[in-house]
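Next comes just one chain, in structure tokens: the form predicted alone.
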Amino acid sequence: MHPAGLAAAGTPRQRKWPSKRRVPVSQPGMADPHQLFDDTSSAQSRGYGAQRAPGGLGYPTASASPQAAFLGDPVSNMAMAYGSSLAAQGKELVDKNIDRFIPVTKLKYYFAVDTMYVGKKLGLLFFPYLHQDWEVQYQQDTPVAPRFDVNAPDLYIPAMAFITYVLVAGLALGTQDRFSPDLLGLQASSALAWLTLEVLAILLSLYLVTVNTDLTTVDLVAFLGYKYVGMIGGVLMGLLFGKIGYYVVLGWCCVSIFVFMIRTLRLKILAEAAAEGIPVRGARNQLRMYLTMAVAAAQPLLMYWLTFHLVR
């Protein structure tokens, strides 16, 4: 046989298979076959389902039924209207109860001040001898706000003066190594207690004397609270110049507050006689005059009583 034939017969012929080489198939939506990630911007065109929900979870939004939409809006509107009416009624009820016990609207009048009024009022408290017109101005039977009339009573100066007095008392006690929170609280409570007793005593006296006056309780608190201004001046001068400075300044402030109270309260307690210029005659008018003098004379005594132990 032919050697080639023997070789072909003895050795099996190897079958050649075509080589497998993967050809990247471009998917729809991919512009570049070598792109690593799919472009998901056209996911809707590839049929990923319904539109995404507004929440961003990708689930289809369930459309509300017409019955639910019809019942939802009227109920919510009714609830909002009912809640608003309840809130308005509650606010009106609270305002009525607050005004019954605490005259908030009236208190706003006593705090209607400005910087110019405060400066003029402090000058009037220290130098009442230079002031001539003490009449309170009215507008349609209503007194004008304090910032427009220096003769009108206010609560801003008494409140600030009381707080400052307590702070100055703490400073005086601290310079004498006698400061303690209990002693400072006793000083503040003592001043408030004396103020309360003054107001109650004056109201009782006005009731017994049967004086027809427009002097209210808040007016009394305002007028009686002006003495704290002189007390502050006396204590500060005592800290700076000792006993001599204390007695000089406090004596001046005591005389000033006496004159201030006489000229202010005589238009309130002796309204009829002072307005018409009639001399004070009769037993009832004499009692009114004595009451005015007593209230004015009590201010210097309390000013000294509440401050003499703070200066040593």
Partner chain sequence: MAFTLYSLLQAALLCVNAIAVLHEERFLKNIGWGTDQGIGGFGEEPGIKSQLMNLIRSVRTVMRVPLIIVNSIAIVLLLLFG
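Just so it is clear, the structure is predicted and the values come from calculations on it, not from any experiment. Residue numbers count along the first chain shown, from 1.
Omitted here: the form predicted in complex with the partner chain. The next part is about that form.
- Checking Leu186, Ala81, Leu240, Ala87 against the partner chain in the predicted complex, a heavy atom within 4.5 Å turns up for just one residue: Leu186.
- For the options Val248, Val255, Leu287, Ile262, the residue carrying a heavy atom within 4.5 angstroms of the partner chain in the predicted complex is Leu287.
- Taken together, the three residues Gln132, Val144 and Asn151 all stay farther than 4.5 Å from the partner chain in the predicted complex, as judged by their closest heavy atom.
- Though the partner is left out of this view, Ser190 does reach within 4.5 Å of the partner chain in the predicted complex, counting heavy atoms only.
- Residue contact check for Thr216: none of its heavy atoms lie within 4.5 Å of the partner chain in the predicted complex.
- For Tyr207, a non-hydrogen atom is located within 4.5 Å of the partner chain in the predicted complex, even though that partner is not displayed.
- Taking the partner from the other structure, the partner chain in the predicted complex has no heavy atom within 4.5 Å of any heavy atom of Met116.
- Of the candidate stretches 194 to 202, 226 to 234, 121 to 129, 106 to 114, only 194 to 202 has residues with heavy atoms within 4.5 Å of the partner chain in the predicted complex.
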